[in-house]
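Shown next as structure tokens: one chain only, the form predicted on its own.
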């Protein structure tokens, strides 16, 4: 998928979770991404964040860090 589409999709998820109560939005975004995104999409997200994360919401970047902490990449 294009980087722009991936950024847009990830930011839409962040926008939703920003409206939810609590202060664990990054963890909830990370859980959503690992539950619903296929491994290739997560790899693309990891690569994009590693290259600077241009265009990504700060919560998505924090969620990606949560994913890295809790999941081993193949």
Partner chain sequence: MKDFIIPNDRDMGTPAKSGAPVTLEIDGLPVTVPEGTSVLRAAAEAGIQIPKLCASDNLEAFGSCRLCVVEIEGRRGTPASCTTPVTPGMVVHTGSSKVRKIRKGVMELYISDHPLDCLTCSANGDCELQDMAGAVGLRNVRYEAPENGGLANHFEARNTSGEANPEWLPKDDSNPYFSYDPSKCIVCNRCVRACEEVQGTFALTIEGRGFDSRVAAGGPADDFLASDCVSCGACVQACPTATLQEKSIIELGTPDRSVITTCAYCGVGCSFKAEMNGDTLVRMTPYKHGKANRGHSCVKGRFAYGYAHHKDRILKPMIRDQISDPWREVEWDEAMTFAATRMLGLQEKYGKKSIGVITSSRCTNEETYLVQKLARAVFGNNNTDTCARVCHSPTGYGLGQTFGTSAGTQDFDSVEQTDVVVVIGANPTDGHPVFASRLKKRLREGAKLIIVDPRRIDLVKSAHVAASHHLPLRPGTNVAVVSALAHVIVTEGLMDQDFIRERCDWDEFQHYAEFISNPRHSPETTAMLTGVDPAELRAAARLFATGGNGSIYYGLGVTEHSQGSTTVMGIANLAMLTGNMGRPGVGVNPLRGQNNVQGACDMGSFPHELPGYRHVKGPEVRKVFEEAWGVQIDAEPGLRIPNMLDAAVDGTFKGLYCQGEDILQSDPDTKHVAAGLAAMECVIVHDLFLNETANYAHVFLPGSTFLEKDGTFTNAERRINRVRKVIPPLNGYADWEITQMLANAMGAGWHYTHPARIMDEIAATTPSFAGVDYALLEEKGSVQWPCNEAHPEGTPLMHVDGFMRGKGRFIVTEYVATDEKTGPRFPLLLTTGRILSQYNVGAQTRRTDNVVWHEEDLLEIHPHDAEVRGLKDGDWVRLASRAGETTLRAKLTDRVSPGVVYTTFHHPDTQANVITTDYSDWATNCPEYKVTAVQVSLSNGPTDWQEEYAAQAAQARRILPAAE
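Everything numeric in this text was worked out from a predicted model, so none of it was measured. Residue numbers count along the first chain shown, from 1.
One more form of this protein, predicted in complex with the partner chain, exists but is not displayed; see below.
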- request: Considering only heavy atoms, tell me if residue 41 and the partner chain come within 4.5 Å of each other in the predicted bound form.
  value: yes
query: Does any heavy atom of residue 5 come within 4.5 Å of a heavy atom of the partner chain in the predicted bound form?
result: yes
field: Partner proximity in the predicted bound form: residue 9 to the partner chain, non-hydrogen atom cutoff 4.5 Å
entry: yes
- request: Answer yes if any heavy atom of residue 13 is within 4.5 Å of a heavy atom of the partner chain in the predicted bound form; otherwise answer no.
  value: yes
message: Just to make sure I understand: among 15-42, which residues lie within 4.5 Å of the partner chain in the predicted bound form, judging by heavy atoms?
response: 15, 16, 17, 19, 20, 21, 28, 32, 34, 35, 36, 37, 38, 39, 40, 41
